[in-house]
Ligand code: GLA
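Encoded as structure tokens, the following chain is the form predicted on its own, with no partner shown.
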């Protein structure tokens, strides 16, 4: 049975009282969604364009102030506790889930925002390690909770920047800004066309779910970002910019390189760097074409661009894996699938698929059967919809602010 936000919030609140007792003052509940990126992969840290949605899988966190200087955390999912002082926050390899909370608190205090001790319980139904940004949801939910608990206000984009900084500098993952941005500022029934340099964004209406569904398939292969190939790809892109500046001195990032100029000067790059840059330059173009396709209701064109994106991620950026490629190949051969690609950083995690509504049930049956036959893994499949970004949960019915 799938529980609604309000029902899950009440379970979190009950667990909070079980762990910390019934006294201590008001319990503040907040939520922050995960995300799936429809197209625009690895472009965000290259100042490029992305097209994600906030999804109906989320992190819920309960906050209550303490009178001392301690932060006491409890993870519902891991049945695990962690405690630390506000004036002694350190990254720890044990209880790694706590580092996302600690990082946001650490960065906020760096900004000289006064925080009190607090008790926190967190619970999420975003699959961990699947590329649906459970980490960004924790960071954003923490930031929203800190605001409500401490009574300070901050512009949403500034909150997003601080959450990204927490992941970059405290957790040690050089992620771009997309995940935190859409977790806070996502819109119901819309994708977010985001310029990761200017942070200008435009909600783009999605097709009616009565006609077309966004279906995510989890390969069951976990991937870890920190200390992985992710940071290596970022360095390779920076190396590409350094090379291309010799021919295009005005550029600051790969986002500034038009396809026609890359076709002209790309051969001057080392082969591996050339392929990395080729993906980013062409992926930015695919995002802008995808936005135009949605606005024109040209969904087959949008699906075709998704297919092209996956091929480039596999061949040029080399962040796919056997299981992701298998999942995409299975999907593309199913009637009613308009497009399929890996989503997220890669090396495991999920695929995202555009599936005609009447074909979703058959799609799930075929994917589960064929993927199990090849891998002996039972894939999880989620039928998603675009939801609002993070906010306070105001009552037990799940009303959001």
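Positions refer to the first chain, counted from 1. Treat the numbers as computed from the prediction; the structure is a model and nothing was measured.
If you look for the form predicted in complex with the ligand, you will not find it shown, but the lines that follow are about it.
Novice: If you check 160, 324, 144, 178 against the ligand in the predicted bound form, which one has a heavy atom within 4.5 Å?
Specialist: By the 4.5 Å criterion, the partner-contacting residue is 178.
Novice: With the ligand left out of view, which of 262, 108, 100, 230 would have a heavy atom within 4.5 Å of it in the predicted bound form?
Specialist: Result of the distance check: 230.
Novice: Heavy atoms within 4.5 Å of the ligand in the predicted bound form: does residue 31 have any?
Specialist: Heavy-atom contact with the ligand at 4.5 Å: absent for residue 31.
Novice: Using heavy atoms and a 4.5 Å limit, would one call residue 344 a contact residue for the ligand in the predicted bound form?
Specialist: Heavy-atom contact with the ligand at 4.5 Å: present for residue 344.
Novice: Taking heavy atoms only, is residue 47 within 4.5 angstroms of the ligand in the predicted bound form?
Specialist: Result no; residue 47 lies far from the ligand in the predicted bound form.
Novice: Give a yes or no for residue 41: in the predicted bound form, does one of its heavy atoms lie within 4.5 Å of a heavy atom belonging to the ligand?
Specialist: Looking in the predicted bound form, residue contacts with the ligand include residue 41, since a heavy atom lies within 4.5 Å.
Novice: Choose one stretch from 362-370, 331-339, 60-68, 344-352: the one whose residues place a heavy atom within 4.5 angstroms of the ligand in the predicted bound form.
Specialist: It is the stretch 344-352.
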